[in-house]
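Listed next as structure tokens: two forms of one protein chain, kept apart as structure 1 and structure 2.
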Structure 1
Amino acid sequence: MERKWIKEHVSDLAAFGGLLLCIIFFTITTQLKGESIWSAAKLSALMADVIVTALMSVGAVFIYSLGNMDVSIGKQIGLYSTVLVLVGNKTGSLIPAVVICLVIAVAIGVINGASGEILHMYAVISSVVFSMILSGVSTIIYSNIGSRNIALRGVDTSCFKSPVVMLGVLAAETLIIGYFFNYTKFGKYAKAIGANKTAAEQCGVNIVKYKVIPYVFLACTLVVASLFQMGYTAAASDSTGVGFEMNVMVALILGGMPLNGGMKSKVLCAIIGSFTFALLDIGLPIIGIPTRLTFMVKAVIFLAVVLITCRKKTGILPR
């Protein structure tokens, strides 16, 4: 019985265990270096490091539960950050900018979600196309501006630097997304489609509709993440968001998310993975690991998690 339970929850144990191990390890080792990850400064740095990845990842759980992934996440964050600065400077308020971003994000989400099913192609293809389009849009915007960086002036963004606000917004988003994911048909159908699309379809699930809705959830979380991304430095650049889609993927896998979706998908994976990733970011340099080597250490840990959680028979990523 115990062995069966362990077998069923091995990825959860690995994810929770990994985070716990990181906390214990860095609590002890940073003390030896005369530092502490529990100091106010380090906790603040941890929240600043984790917030954008966590906000994105929580929304992305919906997409990954479908067995899909969205590689335009980084470019979307870049575009929304830029729009927030440009419109914020024009209007002196972030509200119109947020509305514009939401409209763009939802439009992109609907196309991303629907195109795969309607055009009978992998959903990731449309996100690749959007990634390229948004990259071009970014180049045009910054070429016209004549600068690689733009700053928001006249709008107070200090609230986005507050660890308490970060924690509050992350908790609220997690609860909202968690509710929709676990207790409504949006989440249940998404997981069902990820587990077995044909079976879900045979049960009467509208595949297009319930593939689009997860992308709309993601769109909303990306706009929230963009607010914190831009708000922390009150600036955006032509490279804002580069590689963020990989951060999301790594965070979710570290958190034990099955990459091909299904019923074992959990919102908590995003939180665990994001904090584990951020703890490594903050903790490794403190204990004296040169910056260049921290990537290698993170890669080894990432590999270990994949090794633990991979499917035994096929050897593919977590399921």
Structure 2
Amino acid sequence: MERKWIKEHVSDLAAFGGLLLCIIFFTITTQLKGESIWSAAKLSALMADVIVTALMSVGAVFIYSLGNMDVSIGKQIGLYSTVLVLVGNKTGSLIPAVVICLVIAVAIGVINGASGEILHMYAVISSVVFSMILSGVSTIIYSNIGSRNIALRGVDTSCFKSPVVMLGVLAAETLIIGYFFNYTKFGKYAKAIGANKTAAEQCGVNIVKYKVIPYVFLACTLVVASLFQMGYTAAASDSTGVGFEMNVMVALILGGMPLNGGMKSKVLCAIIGSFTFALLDIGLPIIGIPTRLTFMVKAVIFLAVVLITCRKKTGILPR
């Protein structure tokens, strides 16, 4: 019985074990270096590192439960951060900017969610197209501005730097997404589609509708993440958001999220993975690993986790 339970929960155990191992390892090694990772300054940096990745990852759980991924996440964060600054400077308030970003995000989410099913192609293709389109839009905006970065003026963003606010917003988003994901048909149908799309369709699930809704949830969380991304520095640039889609993927996999989605998908994967990812991001440079090498270390860890947790009888990866 115990062996069966362990086999069924190997991903969860690996995720919790990885986080615990990182906590113990970096607590000891950073102390030996004379610079504790739990100092006030490092905790502040840790929260700043965690918050954006965690907010994005919590929303992305819906997408990954379908067995899909969205590679336009980084470009969307870059666009929304830019819109927040530009509109904030024009109006002196972030509220109109948030509304505009939500409209854009939901529109992109609906197209990303529906196009794959309607056009009979992998959903990731439409997100690749949007990634290129948004990259072009960003280039045009910053070319017209004549600068690679813009600062927010006249709007107080100090709340976005508060660890209490960060944790509060993350907890609220996790509870909301967790409720919809675990206790409503939106999450149950998303997991059912990821587990077996044909079976879900034969059971009467509207595939297009219940593929679009997860992308709408993601859209809302990306706008929230953009607020904290922009608010922490009170600025945006043409490089804002670069690589964020990979950060989300790595965080979710480190948290135990199955790449093929389905019933084993959990919101908790996003939280565990985001904190593990942030600990690696903050801790590796402290113990003396050059920044350029931290990417290689994280890549090796990511590959090891994928090989351990994502094996299937038919091959290494689900696709």
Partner chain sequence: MKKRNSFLKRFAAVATAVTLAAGTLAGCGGDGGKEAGGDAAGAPADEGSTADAAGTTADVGGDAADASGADTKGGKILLLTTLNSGGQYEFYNAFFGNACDDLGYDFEIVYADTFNDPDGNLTAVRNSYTSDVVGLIATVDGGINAIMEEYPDLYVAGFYGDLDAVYEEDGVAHEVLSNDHFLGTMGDNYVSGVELGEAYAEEVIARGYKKISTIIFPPYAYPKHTTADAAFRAKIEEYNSSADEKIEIVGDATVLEFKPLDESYFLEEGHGDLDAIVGFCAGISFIYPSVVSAKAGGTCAPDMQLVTGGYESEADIFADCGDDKTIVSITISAPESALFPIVMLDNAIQGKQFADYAGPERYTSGILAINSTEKFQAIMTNSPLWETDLSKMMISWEDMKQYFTRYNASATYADLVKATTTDLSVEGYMN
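Predicted, not measured: the structure shown is a model, and the values here were computed from it. Note that the rigid core is defined as the largest set of C-alphas that superpose within 1.5 Å between two forms. All residue numbers here refer to structure 1's sequence, counted from 1.
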Name the structure that matches the description of the form predicted together with the partner chain.
1
Core-superposed C-alpha of I37 shifting 2 Å or more between structures 1 and 2
yes
